[in-house]
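Have a look below at one chain only, the form predicted alone, in C-alpha cells format.
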Amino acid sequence: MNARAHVFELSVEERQIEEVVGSLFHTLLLHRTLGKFHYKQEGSYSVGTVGLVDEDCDFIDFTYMRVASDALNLQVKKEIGVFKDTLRNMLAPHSGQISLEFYERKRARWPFQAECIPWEVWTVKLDVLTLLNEHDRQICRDRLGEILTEKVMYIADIMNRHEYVPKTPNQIELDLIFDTNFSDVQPYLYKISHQSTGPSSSSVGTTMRKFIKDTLAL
C-alpha cells in the first residue's frame, strides 16, 4: 500500500516555527483522533467524545482548533520543540522539514517483528528567515495567517474525501490501529520525524519580495 503524501512549504521566523507546525499538525490530529473505545462485547462498542480547544497564536494572526487533550498536546509540542532546537543550532540561513506520519501495525509471526505500514504522511518544509525590521515582520505575520487559513481549508477538503483509513478493529487488535496510551483520546497511530536540510537556496530578500507581492495581489 502506498502512503498518501502531502507537502507544505513555508517561510517563517524562528519564533513562528512552533505555531506554524503546531497549527497544521493539530489540525490533522483533530481529524485523525477519536474518543476512547469502550467494548461491551466483541463487535459491540461505544466511542467517547473528543473535546475541542481554540488556540490563539502569539506571533501569527491566526487561531486554530485542537483536540482538548493535555497529554496529546504535550507530546506534539515536545516533538516540535526538538525540531525547532535543531534548526536554531544550525548556521544561518537554515531550513528543515518535519513530518507527521499515520501508520498501522501488522502482526508478524515469530521470530519476526511487527511491520509498521504508513498510510498517510504530511510534511512541512520550512525556510527560516531573519527579519531586520518591524515592517517586514508584520508582513510576514499577516501573510502567514492567510497561508495557514488556506492550508487548514485544504486539510479539511482532503479529510472529507472517501480515501483509505484503517478499518475499526476488534478489541484485541485495537493497538494495531490506534494509540491507546492516552487516557482521554485515541488518535490513529502516528509518529513525528524531522530533519535539517542545510542552507536555504532562497535569500531573505527574495522571500520578502514574494511576501509583499502575494499580499498586494490579495
Partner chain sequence: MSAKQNTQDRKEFETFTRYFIYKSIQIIVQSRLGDKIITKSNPSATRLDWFNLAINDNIDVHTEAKKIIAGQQNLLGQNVCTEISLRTTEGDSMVLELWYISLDTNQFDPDANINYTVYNRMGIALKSVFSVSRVTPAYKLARRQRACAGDYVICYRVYLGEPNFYFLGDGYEKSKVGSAPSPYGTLNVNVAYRTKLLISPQKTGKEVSFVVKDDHFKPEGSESQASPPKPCYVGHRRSSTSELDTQLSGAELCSTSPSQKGDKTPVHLSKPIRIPGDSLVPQKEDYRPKSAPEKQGDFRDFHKVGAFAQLPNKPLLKKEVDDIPFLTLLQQTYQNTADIQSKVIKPVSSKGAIGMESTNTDSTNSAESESNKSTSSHTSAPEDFVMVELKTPFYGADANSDLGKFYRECQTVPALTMFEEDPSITEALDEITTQLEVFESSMNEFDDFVTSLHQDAE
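Positions refer to the first chain, counted from 1. Not measured: the values here are computed from a predicted model.
As for the form predicted in complex with the partner chain, it is not shown, yet the points below apply to it.
The stretch that touches the partner chain in the model of the complex, counting heavy atoms within 4.5 Å, is 135 to 143, out of 78 to 86, 113 to 121, 135 to 143, 95 to 103. This chain is drawn without the partner chain; in the model of the complex, the residue among Ser193, Thr49, Ser44, Thr180 with a heavy atom within 4.5 Å of it is Thr49.
Although the partner is absent from this view, Glu173 stays clear of the partner chain in the model of the complex, with no non-hydrogen atom inside 4.5 angstroms. Remark: Leu189 does not count among the residues lining the partner chain in the model of the complex, judged by a heavy atom distance of 4.5 Å or less. Applying a 4.5 Å heavy atom cutoff to the partner chain in the model of the complex picks out Thr149, Val152, Met153, Ala156, Met159, Asn160, His162 from 147 to 167, in order along the sequence.
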